[in-house]
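To begin, one chain is listed below as structure tokens, in the form predicted alone.
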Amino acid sequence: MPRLAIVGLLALQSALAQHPTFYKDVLPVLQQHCQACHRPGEPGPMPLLDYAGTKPYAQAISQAVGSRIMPPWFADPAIGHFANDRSLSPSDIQTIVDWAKAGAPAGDPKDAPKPVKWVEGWTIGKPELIFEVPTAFNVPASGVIPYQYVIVPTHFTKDTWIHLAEVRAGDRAHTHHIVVSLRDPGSTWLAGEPVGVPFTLKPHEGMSGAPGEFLAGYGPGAMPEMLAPGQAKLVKAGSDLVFQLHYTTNGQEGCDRSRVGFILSHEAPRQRVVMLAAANIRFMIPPGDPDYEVNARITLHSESSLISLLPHMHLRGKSFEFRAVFPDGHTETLLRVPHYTYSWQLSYYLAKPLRLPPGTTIECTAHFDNSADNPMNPDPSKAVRFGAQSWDEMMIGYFEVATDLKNGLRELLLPGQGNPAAHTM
């Protein structure tokens, strides 16, 4: 072979060797940031577990990560630090972009990391207990479906601590979200309603009796909560689970039987985890308003530690911010989502829990775009108020705290009811 050809071949081999390869460089990024959703049975449209399944989408993946559309993550990077930060580093983005530009080379399979051992159908691992809605709900092809509720008894004979919980929709194509709440024994909430079959709320029924604590949920882009060791949620003996199911139609009929799986806490937990919310249900967004502001606040009266934040709005949601106002008067911004999207209902888990002394107030500020410039807006000519359906609006700042085992909603929210000195973080 002529010397010039040899030199050219060696130069080509050297250039190729410098390009990222799938097994050595790309697969570790996919495992850490993408495979939780992009695997069989999960919401990602294609599995990204191996080279054969990933290569055909190399250009699309490069474009999605280069524009930061994927992975979905909307927190302002200048505010706070979050344990579940899905965003890719600039170096990870460049690796994928360079790999796609080079023709998506496979590389040496020996360079591949060990495969992640996913449990089929569950993200939390194999549940110890599974509660499924007993009666299927048939989803029509068209029309508006009121929220459906199903009461499912636990038959727990003793107080039970749940360490991990995951909700799975039986019919993802028609299920927008699911909320599983607790109904304590003796509660008047939904009294008289049937057990085990779907029903809709009667007028003002949702205001009769206090709804129980939030246990687990499912929504677009949401991942199951992974509580820290020693943390758990309490399900009292004799409690019922209440499924709230929001179905949407898409031109085809469907059938759903959703379920929730539990992994129990087999040792006495150190902290009880409780979901709270700063919400505003009394607002009216004027027609065409591009930047309407709504505020909400809630004060905690027992010692706790903040562990997660979940902003919730609908199609006109534009931005959302959480702040903590401490008893000494100083304010700390906790989370800022400058570009909210209803398509992804994400929770943000603090990298380090934040102590909230008794008397701390959680404030939320949301902005809504009810103008024609909002491509998600169903009708910019209408005034919009709080409501359940997607074309209505909501302004809810959900957040979870870890607190003393004796503290529930009452102790946290009512003055003088809790354990102000208890602090275990």
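Residue indices: 1-based, along the sequence shown. As the structure is a computational prediction, the values presented were derived from the model and not from experiment.
Keep in mind that the form predicted together with a small molecule is not shown, yet the notes after this line are about it.
| field | Listed range touching the small molecule, judged in the predicted complex by heavy atoms within 4.5 Å, from 395-403, 373-381, 42-50, 352-360 | value | Contact criterion met by 42-50 only.
| task | Give a yes/no on whether residue 131 approaches the small molecule to within 4.5 Å in the predicted complex, heavy atoms considered. | result | Contact check for residue 131: no, nothing within 4.5 Å of the small molecule in the predicted complex.
| Quick one: is residue 61 in contact with the small molecule in the predicted complex, heavy atoms, 4.5 Å cut-off? | Taking the distances in the predicted complex, the answer for residue 61 is yes, it comes within 4.5 Å of the small molecule.
| said: I'd like to check something about residue 367: if you look in the predicted complex, is any of its heavy atoms closer than or equal to 4.5 Å to a heavy atom of the small molecule? | reply: Taking the distances in the predicted complex, the answer for residue 367 is no, it never comes within 4.5 Å of the small molecule.
| query | Using heavy atoms and a 4.5 Å limit, would one call residue 269 a contact residue for the small molecule in the predicted complex? | reply | No, residue 269 is distant from the partner.
| Only one of 71, 261, 224, 254 has a non-hydrogen atom within 4.5 angstroms of the small molecule in the predicted complex; which is it? | If I apply the 4.5 Å criterion carefully, the residue I get is 71.
| message | Only one of 177, 174, 86, 168 gets a heavy atom within 4.5 Å of the small molecule in the predicted complex. Which one? | response | Partner contact (heavy atom, 4.5 Å) among the options: 86.
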